[in-house]
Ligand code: ASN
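Given next, in structure tokens, is a single chain: the form predicted on its own.
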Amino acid sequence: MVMETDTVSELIEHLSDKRLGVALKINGTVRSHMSEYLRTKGYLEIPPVIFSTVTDPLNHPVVDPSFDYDGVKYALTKSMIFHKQMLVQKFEKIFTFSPNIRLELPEKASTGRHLLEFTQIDIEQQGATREQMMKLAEDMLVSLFKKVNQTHAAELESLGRTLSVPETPFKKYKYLDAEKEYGPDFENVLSKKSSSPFWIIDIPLDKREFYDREKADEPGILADMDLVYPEGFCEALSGGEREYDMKKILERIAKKEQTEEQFKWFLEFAKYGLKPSCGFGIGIERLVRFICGFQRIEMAHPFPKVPGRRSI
């Protein structure tokens, strides 16, 4: 497939767009407010991992972002899930702003919400339950939306954007119930008909990676959650409780038809024992896009890498 190529004139036009200036100001507020919020809750900021011998396998096809160096195969970070789970064994509450590379297939260009390169705030807490982390996410986002409305009222007005502050707790839908009622595209359907963020919980095992915990009282269902933005903006957050039983981890890897060699370094660490933890990640560009009300995510980044396009 021949990729479209961004031109210099298009880049200059994009960088000159006043909406990008607003997005970058709001991006700064998002990062500073969320990091300060988490620090007040006792979370420790950790540095990101740019590449590693192990990274998130994901549950959908992407182009493999790996390379060889000095006889060792490394992959660019798709998410810091394994590094979070390892580090949270020693530091109970952690967060990071993680640059992620996910080389999505070109057809994802049409969604308006996928970038090949993006940043997410990644959070993990030892011993936490899904419900505790859902409350953390709700309270943090409500606090952030209030801060943005206070700090950027003029900028939001210039965009014609009204940012509503949702009430908590957010509404919850069980995955299978939502799928049954609204069909396979239920996330998009519910997002378009909703005026406030909502949760999708109890996600089937085959829809997620091996590292998330299967519920003891509901075989085949994970203690996972996705937060979905309203107004058709779709996924905001993804996370869940982590599997910490070595036997179950190996069984899940086999079910996924993956190999232990793929996750060698994580599995070697896990043999020493893992404590329960729970966490989630929020895409910064998607969050800024929602706050600004942009039709497409490209407006939230000065140098957006969009599937199917060759960009600077």
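Start at 1 and count along the sequence shown; that's the residue number. As the structure is a prediction and not an experimental result, all values here were calculated from the model.
The protein also exists as the form predicted in complex with this ligand; that form is not presented, and the subsequent description refers to it.
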(request) Evaluate residue 239 for contact with this ligand in the model of the complex, applying a 4.5 angstroms cut-off between non-hydrogen atoms, and reply yes or no. (result) yes
(message) Using a 4.5 angstroms cut-off on non-hydrogen atoms, would residue 81 count as touching this ligand in the model of the complex?
(response) yes
(message) Is it the case that residue 263, even though its partner is missing from this view, gets within 4.5 Å of this ligand in the model of the complex, heavy atoms only?
(response) no
(message) Within 4.5 Å, heavy atoms only: does residue 96 come near this ligand in the model of the complex?
(response) no
(message) The chain here is shown without this ligand. Which stretch in 41 to 49, 27 to 35, 55 to 63, 250 to 258 comes within 4.5 angstroms of it in the model of the complex, by heavy atom distance?
(response) 55 to 63
(message) Going by heavy atom distances of 4.5 angstroms or less, which of 114, 213, 102, 130 would be at the interface with this ligand in the model of the complex?
(response) 102
(message) For a quick check, can you give me the residues of 271 to 299 that have a heavy atom within 4.5 Å of this ligand in the model of the complex?
(response) 279, 280, 281
